[in-house]
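Next up: a single chain in structure tokens, the form predicted alone.
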């Protein structure tokens, strides 16, 4: 198992197929599926970074109602050629990393989805914004909160929108738990547990390169528990403590975290206890506990079907490919001004980055860090 992508796919099954899509449209439309008129505008998307996850997004978009893949940006000519044939992409909509600023004059592209290593997002997103196009950045949005704030400011200055690939913010079982929590079904929220981890493989991959990744497991998989604690509890944390464990310093070099346990305190009194690791498998679980009930997702963030239950019973919302729903919903945000139940904008991402910064500081100093 070489990466989070492999882990998430193996844990929950392939999400490129679209099981239950017909049933999903009827059963879960109130939460996520776009209900659009036949003549509704379609979002024209270019993908930057044609690796495994870029491919997953491209495949999922084939089932989208409101988003269409119209362009590509890559430093590998052979990949561009292959994608042209597979997705019927016009030559004039193909760019490399040197010339993609010229998308400014291309009406066939509305938004660029940046799916490159974390360390490249900052400059690439700002270049896209300066070219006058909306941007979707994969998460984490960048390496730290300061750089994230610069990206948000650049997009505002360019009058374009910056969204982030928070696919779980549109997942129906997740949204059902959020609905129940808002309705008060769990009473006063007291505790959240988030477990995010897998055993990473290839030691030469970019995720174990500090310059490209910005860190280790925390930047890759731990961010799911950070973000999940916030949307499951429904509050922003006010303090953090953290402890780092490293058992293999040869594989996990300086600045690449292997395992971090961290705790978050929330203003309503709830506490989150989370684990982020590259050294343990079978970790993809969220648990929320309140005075009157509970909610559990296991798996909680994998690419395939999410499984869950609450104190009211099993969650039965059918599965549809997360990236298909995400891209249709993002089309509605960008084209129609739709407001998602859980934000997916750059400001949302900066909140996660501030927490990550604080976790690293807490783990280094052993101190409780106020947020």
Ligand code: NDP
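As the structure is a prediction and not an experimental result, all values here were calculated from the model. Positions refer to the first chain, counted from 1.
A second form of this protein, the form predicted in complex with this ligand, is not displayed here; the remarks below concern that form.
Although the partner is absent here, residue 246 sits far enough away that none of its heavy atoms falls within 4.5 Å of this ligand in the model of the complex. In the model of the complex, this ligand lies within 4.5 Å of some heavy atom of residue 117. When this ligand is considered in the model of the complex, residue 285 lies well away from it, no heavy atom lying within 4.5 Å. Within this chain, residue 75 lines the site of this ligand in the model of the complex, having a heavy atom no more than 4.5 Å away. The contact residue chosen from 210, 79, 161, 127 relative to this ligand in the model of the complex is 79, the criterion being a non-hydrogen atom within 4.5 angstroms. Taking a 4.5 Å heavy atom cutoff to this ligand in the model of the complex, the contact residue among 334, 69, 64, 50 is 50.
Stretch 220-228 is the answer when you ask which of 234-242, 220-228, 98-106, 261-269 has residues with heavy atoms within 4.5 Å of this ligand in the model of the complex. Residues of 155-170 placing a heavy atom within 4.5 Å of this ligand in the model of the complex, in sequence order: 165, 167.
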